[in-house]
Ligand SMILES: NC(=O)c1ccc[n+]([C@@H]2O[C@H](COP(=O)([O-])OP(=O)(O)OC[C@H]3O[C@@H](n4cnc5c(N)ncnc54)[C@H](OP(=O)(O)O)[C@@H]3O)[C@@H](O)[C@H]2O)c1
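In structure tokens, the next block holds one chain alone, the form predicted on its own.
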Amino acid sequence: MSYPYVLLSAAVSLDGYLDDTGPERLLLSSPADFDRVDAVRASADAILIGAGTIRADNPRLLVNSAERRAARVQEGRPAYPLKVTVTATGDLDPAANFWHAGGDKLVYTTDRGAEQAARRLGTAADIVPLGPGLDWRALLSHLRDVRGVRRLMVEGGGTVHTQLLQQGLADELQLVLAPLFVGDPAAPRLFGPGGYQGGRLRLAETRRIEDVVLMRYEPTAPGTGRVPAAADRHWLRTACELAALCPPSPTAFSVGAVVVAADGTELARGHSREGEDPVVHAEEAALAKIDPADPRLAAATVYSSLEPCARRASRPVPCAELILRAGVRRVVTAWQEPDTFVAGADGTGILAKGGAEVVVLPECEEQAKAPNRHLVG
């Protein structure tokens, strides 16, 4: 089974509560953090919440920035991510904001819940029964393989977050800590009962955003402290999919590239011969879309379906050097450049000499080679 990259997103009080018990929702994030969340939403292919969160918070779950929606459309994606909810019973309110804003909606439920969900919602959403119970692996596999979701943002509630983390299906947790206490044992907490079996999480980043703190965690393999390669595989496969969009050429490889910030936010993407430039390379096209002064570049990763070039005839500066000049110090690629056009190319050597870490994921090599079969067989 193949799954999307699963990002859990939540904000809690200092004592670990998602909300209080008052009639109005307790706002835990700051205005700047709400904008950050909007950017993360814009980077996702789908956003998932539990049916309980729809009932409790009545969210619209939109990308609010017109500029971010326009950028999604320009990339060939819908203006809004797919909105997904999960319910065992199918007990859904058709008047909820969730169904009346944004783009497509999808409901995962049980065989028993599917009938009630269909009666309540009509044509407002696609309904997918998962069997007698809610099977998270089947759900994620359907999202990836049938709906094409590569990046899934999960915004709650606590039961959903708990189950995904306990079952080892979360790739990342973005947790915002708000400077207040709730102190009400009847209020909802982020995680429910039941231990997390994967051991300690790895703290990947902390960031102050006005008066709240963002903490980004990554699950580790039990007992090893190593971060799973799920994120790298997800973004490298995305780069390989971009390579398939390249106009074929008898004199150049088809390559895709994605630049991703340390918090998992996509900064830019590109592919060979993109737009009106017949000789632009993928990494070059992606980096050109980012402000060179963007502080996130220093901790970003460039995912390229082919090893960045060490020499080229079409430009004075090869892509390996462009990456170093941009300040990026991590590159993940699927395939080392063959001698088809440039003998002895060693983009990896240039990057390593410049202080960059280069990771090769051979499991993605065949996907990277697919649009280049006419060149390498």
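Heads up: residue numbers just count along the shown sequence, starting at 1. Predicted model only: the values in this text are computed from it and were never measured.
The following text describes the form predicted in complex with this ligand, which does not appear among the structures shown.
Look at 290-298, 254-262, 98-106, 133-141: in the predicted complex, residues with non-hydrogen atoms within 4.5 angstroms of this ligand sit in 133-141. For the marked spot (Ala56, Ala88 and Thr159), a heavy atom within 4.5 Å of this ligand in the predicted complex is present in each of the three residues. Contact annotation for Val358: none of its heavy atoms lies within 4.5 Å of this ligand in the predicted complex. The shortest heavy atom separation between Asp232 and this ligand in the predicted complex exceeds 4.5 Å. Although the partner is absent here, Pro318 is not a contact residue: none of its heavy atoms lies within 4.5 angstroms of this ligand in the predicted complex. Of the heavy atoms in Val328, none are within 4.5 Å of this ligand in the predicted complex. The contact residue chosen from Ala44, Ala334, Ile323, Ala51 relative to this ligand in the predicted complex is Ala51, the criterion being a non-hydrogen atom within 4.5 angstroms. Among the residues Leu28, Ala310, Val40, Leu62, the one placing a heavy atom within 4.5 Å of this ligand in the predicted complex is Leu28.
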